[in-house]
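Below, in structure tokens: the form predicted alone, a single chain.
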């Protein structure tokens, strides 16, 4: 790390993808690096100094909106949370659009498919209120799902998921929406039976729990361990456990 700090203030080669509709190439720029600078700052410098027409999404610059997701040196990251001094300064820094989604222009991709998937998830279906008109929940049940609500929908987990990235399996919801399903399935008030959809519509079984989604999550949500694996256990218990199946037959379910 000390070597990186020694080079702060020097000029770094930054290669940014330019093009439309998946066609294009990396264009190299010389960018002066200053202390505390992040990759998004480098993009803003390029826009101001060299290429005013460079298309890139960003909003909060605080790691809370998810807009500036891109691939930096081949890894899905938020540009606003990736400091330049954490990247090798002796070789070009590459900035490319998310590879899993249709490319529009430069660093901008079409992530609208994700919102279409989101619309197909049934909303919370709460049980009736108590006699006094209130809901009661145990704190441990609330704590279990609280983590899932930290998601900022940057879609880095969707981008890195090999089922979506390599196999283009649009019948798979992807880790972001498995997390949303988990938040609903584990909600102490929800009465909706979500397991059939997880099995047949969102194809939870496609996931082979490589944990790549967990590794790129900027909010450090334990996607695999706390969301996907518990959902798989519930699915197995319902549909693939022979003893449970026998029990349902005997009970006439």
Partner chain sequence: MTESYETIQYDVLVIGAGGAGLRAATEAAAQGARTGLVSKSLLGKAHTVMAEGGLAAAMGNVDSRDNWKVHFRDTMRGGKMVNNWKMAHIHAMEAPDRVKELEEWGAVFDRTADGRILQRPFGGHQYPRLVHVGDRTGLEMIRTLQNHSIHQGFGIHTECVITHLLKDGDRLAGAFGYWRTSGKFVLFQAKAVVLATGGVGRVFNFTSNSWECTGDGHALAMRAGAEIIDMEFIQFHPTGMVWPPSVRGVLVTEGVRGEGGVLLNSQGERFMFRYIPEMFAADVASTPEEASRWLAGDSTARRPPELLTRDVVARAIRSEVDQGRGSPHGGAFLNIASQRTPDYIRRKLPSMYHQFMKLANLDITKEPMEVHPTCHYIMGGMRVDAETAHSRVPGLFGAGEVTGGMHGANRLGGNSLSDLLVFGRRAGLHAAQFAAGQNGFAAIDPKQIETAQQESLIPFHQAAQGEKTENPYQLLADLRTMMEARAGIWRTQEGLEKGLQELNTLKERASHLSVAGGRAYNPAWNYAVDLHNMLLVAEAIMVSALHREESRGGHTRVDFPTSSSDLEKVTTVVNLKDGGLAWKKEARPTMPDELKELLK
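Positions refer to the first chain, counted from 1. Fair warning: this is a prediction, and the values are worked out from it, not measured in the lab.
Below, we refer to the form predicted together with its partner chain, which is not included among the displayed structures.
- Residues of just one listed stretch (35-43, 197-205, 223-231, 22-30) have heavy atoms within 4.5 Å of its partner chain in the predicted bound form: 35-43.
- Its partner chain is not shown here, but in the predicted bound form it comes within 4.5 Å of a heavy atom of residue 65.
- At the 4.5 Å threshold, heavy atoms of residue 214 stay clear of its partner chain in the predicted bound form, well away from it.
- With a 4.5 Å cutoff on heavy atoms, residue 145 counts as touching its partner chain in the predicted bound form.
- For the chain shown alone, residue 59 is a contact residue for its partner chain in the predicted bound form, at least one non-hydrogen atom being within 4.5 angstroms.
- Remark: none of the three candidate residues (89, 159 and 191) comes within 4.5 Å of its partner chain in the predicted bound form, counting heavy atoms only.
- The listed set 182, 164, 151, 98 contains one residue whose heavy atoms approach its partner chain in the predicted bound form to within 4.5 Å, identified as 151.
- Residues of 91-124 that come within 4.5 Å of its partner chain in the predicted bound form, judged by any heavy atom, are 104, 105, 108, 111, 115, 118, 119, 121, 123, 124 in sequence order.
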